[in-house]
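Before any questions on binding or motion, here is one chain by itself as structure tokens, the form predicted on its own.
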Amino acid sequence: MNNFIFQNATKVYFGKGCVQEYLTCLTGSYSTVMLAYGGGSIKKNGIYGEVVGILEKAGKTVVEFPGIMANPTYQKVLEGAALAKEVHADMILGIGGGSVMDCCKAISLAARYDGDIWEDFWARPGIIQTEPLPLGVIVTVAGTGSECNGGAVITNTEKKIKTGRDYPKLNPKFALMDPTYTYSVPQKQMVSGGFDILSHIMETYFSEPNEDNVSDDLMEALMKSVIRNLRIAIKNPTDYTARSNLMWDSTMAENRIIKMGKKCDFECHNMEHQLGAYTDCNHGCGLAVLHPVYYRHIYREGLPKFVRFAENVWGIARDGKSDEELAAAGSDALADFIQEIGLPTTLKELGVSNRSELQEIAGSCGISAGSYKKMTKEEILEIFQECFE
């Protein structure tokens, strides 16, 4: 394995009833809590009432910051930071999935930083010396794994750039994870979130080193878990075992553990981020369209790992197949699974209608140094064109 340093500062409280059991003590030293959330679904499913009731009973002043969108914008971050400063918030409590958590992390920094956080920390990597506003999260969607890292993906709509940075200082102080909170998530959102989990794992798995290592072994088990439990959850959305496994799969995919000693290839995320910056498409759905085509472009360069993927994740028998045939069969199994769970397989299905825009989008994509194949802007455009219809 390659050398690494491991750190994770977030304390996780996992399981049914964890919000009722722990939220009061976790917010004990804070008087003004800025409650951040998305479109208001938490008011319909009862989570909002439960959380606000606990905070008010504990004597907290609750200031609401609603309306965080699916692809959070830099403008929304600045709005949140301005409100946090205005009300002198002691902490931020984010309730939702990855978009809410990512936005809250950026707000926690912007609320305490005097400069331009986009230019200083998102346009390029920076070093955070400011102490961010304390942040806690209550997870309602399994997908991004944002609850246990300092990563935040933000879209600058003026510049048409969607990018993520991971700063350990932005890790939430705590994450409350009750799998029953995910029950009311619409099936499409659950499935796209589930594929995002799989994508995070695959993008770490399909990278060097190829030699036997703990991270690859863990990832094969996690990928099989996501596939198995997503199938179960589609049939029975309130299967607690499946939903709790998916929730922890999501965390394990992005709490940095499986990345230890790995080079990591985030080319599909780079491509989807820019696709999202231009079209505001669903993140998990965009990844589902791109992954099989991207892997058909690179599997020969990473042949041993793609053979492992076919055999150890999908259970495909060799039966006289060559390595190339076996590797291709693994990518085909992934494509078949995407169809099985009802995710789109073309950009047209995703709602992308302007083919002429693809060249500009491809030109704006970052190049991942961890890819088995050295990608070019021209090949990225080829992938987008192959994905179109």
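Keep in mind that what you see is a predicted model, and the values were worked out from it rather than measured. Numbers follow the displayed sequence, beginning with 1.
Keep in mind that the form predicted together with a small molecule is missing from the display, and what follows is about it.
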Tell me, out of P132, G136, G98, G302, which residue has a non-hydrogen atom within 4.5 angstroms of the small molecule in the model of the complex.
-> G98
Exactly one of A233, M219, V153, A310 has a non-hydrogen atom within 4.5 Å of the small molecule in the model of the complex; which residue is it?
-> V153
Sort through 31 to 39, 344 to 352, 49 to 57, 327 to 335 and report the only stretch with a non-hydrogen atom within 4.5 Å of the small molecule in the model of the complex.
-> 31 to 39
Please check if P209 has a heavy atom lying within 4.5 Å of any heavy atom of the small molecule in the model of the complex.
-> no
Find out whether any non-hydrogen atom of V185 is located within 4.5 angstroms of the small molecule in the model of the complex, and reply yes or no.
-> yes
In the model of the complex, does D102 have a heavy atom within 4.5 Å of the small molecule?
-> yes
So in the model of the complex, does any heavy atom of V141 sit within 4.5 Å of the small molecule?
-> yes
